[in-house]
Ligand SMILES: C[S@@+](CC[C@H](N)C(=O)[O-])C[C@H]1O[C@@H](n2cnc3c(N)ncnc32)[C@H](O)[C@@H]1O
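We begin with a single chain expressed as structure tokens, specifically the form predicted alone.
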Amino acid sequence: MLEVKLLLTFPVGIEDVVREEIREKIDSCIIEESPLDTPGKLIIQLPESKRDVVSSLRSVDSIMDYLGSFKVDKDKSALDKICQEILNIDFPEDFRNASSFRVTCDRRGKHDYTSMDVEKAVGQVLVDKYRLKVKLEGFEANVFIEIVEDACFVGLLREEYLRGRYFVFHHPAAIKPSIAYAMIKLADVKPGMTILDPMCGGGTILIEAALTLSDVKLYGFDISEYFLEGGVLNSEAMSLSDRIIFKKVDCRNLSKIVDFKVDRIITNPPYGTKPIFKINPRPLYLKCLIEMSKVLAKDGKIVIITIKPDCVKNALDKAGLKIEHERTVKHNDTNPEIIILTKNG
């Protein structure tokens, strides 16, 4: 039976969510966690027939066919090491038979060489070895090299893995869909529940909920008509506009608008750090959490992600809430906390 190895990348801090989703969707596979001691990555080995299932994983950010990995230095000698390792890799038949290829390098950390240096060096090695044509656009095969500090990963990016998901409208402060999925899983939603995002922006959390859950009611509120229109566009792009009710609501007046109890509130409030969101988060979080608590069902939960956890914790007593769970995740260059709240008593 033919097997394939894939390299999965996901936000640091949701490892348990990724493992659970893999167990739910793939009945037999071998998992290698944190290859080369690099967090936020795992290698999965599974039957070729299960390849398509992996592309349905919602907790991961990227997937590529894994070809190899090795340690590299941060000075320019790394270029020779990378080229030698590339020479030692036996590239698969579909790559060797491709009409053209390109090399893409994603590099994080401080190095004495650039991503373009890597792309040029590796491209030349592959041209010399396989006599293939390099094309920067319209290429057939994409060799992907990712360097994270002193760890180098080599693989092939396939078209079915290049998922932009549903971002027709790009909200300036949107979270990754993988983190939105993790928040939904951590919320422990049951069939028949009502889910509300009272600061929904472009609708990322609600769209992930609609794609992940059935038999739930979904509401998305925001004070901005512009962002609400973006959320509608994103939901329409995924044919989900009939699953989500969007409405202009100021979260600070939530209890005046909502005349029903909400089972799960899952939201990504503004942090107050971007120019477009220049606000004082402390009074905003206090008022909004008080209002969320008023509409929350007795056994309901609030799942919130923020880089301002103190603003949440300082509001707990007045809002009548307590922390059930908290964890830090990696989101681009920030380290926000996911906090799960329940009612006191």
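Computed from a predicted structure; not experimentally measured. Start at 1 with the first residue shown and count on from there.
Keep in mind that the form predicted in complex with the ligand is not shown, yet the notes after this line are about it.
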The listed residue (250, 229, 119, 149) that reaches within 4.5 Å of the ligand in the model of the complex by any heavy atom is 250
Which residue, 189, 154, 199, 132, is the contact with the ligand in the model of the complex, using a 4.5 Å heavy atom cutoff? 199
If you check in the model of the complex, is residue 203 within 4.5 Å of the ligand, heavy atoms only? yes
Contact flag, residue 304 vs the ligand in the model of the complex, heavy atom cut 4.5 Å: no
Would you check, heavy atoms only and a 4.5 Å threshold, whether residue 98 touches the ligand in the model of the complex? no
When the contact criterion is heavy atoms within 4.5 Å, does residue 89 count as touching the ligand in the model of the complex? no
I need the one stretch from 133-141, 110-118, 70-78, 191-199 whose residues put non-hydrogen atoms within 4.5 angstroms of the ligand in the model of the complex. 191-199
Check, residue by residue, if 224, 269 and 284 all come within 4.5 Å of the ligand in the model of the complex, counting heavy atoms only. yes
In the model of the complex, which residues of 169-194 put a heavy atom within 4.5 Å of the ligand? 171, 173, 174, 175
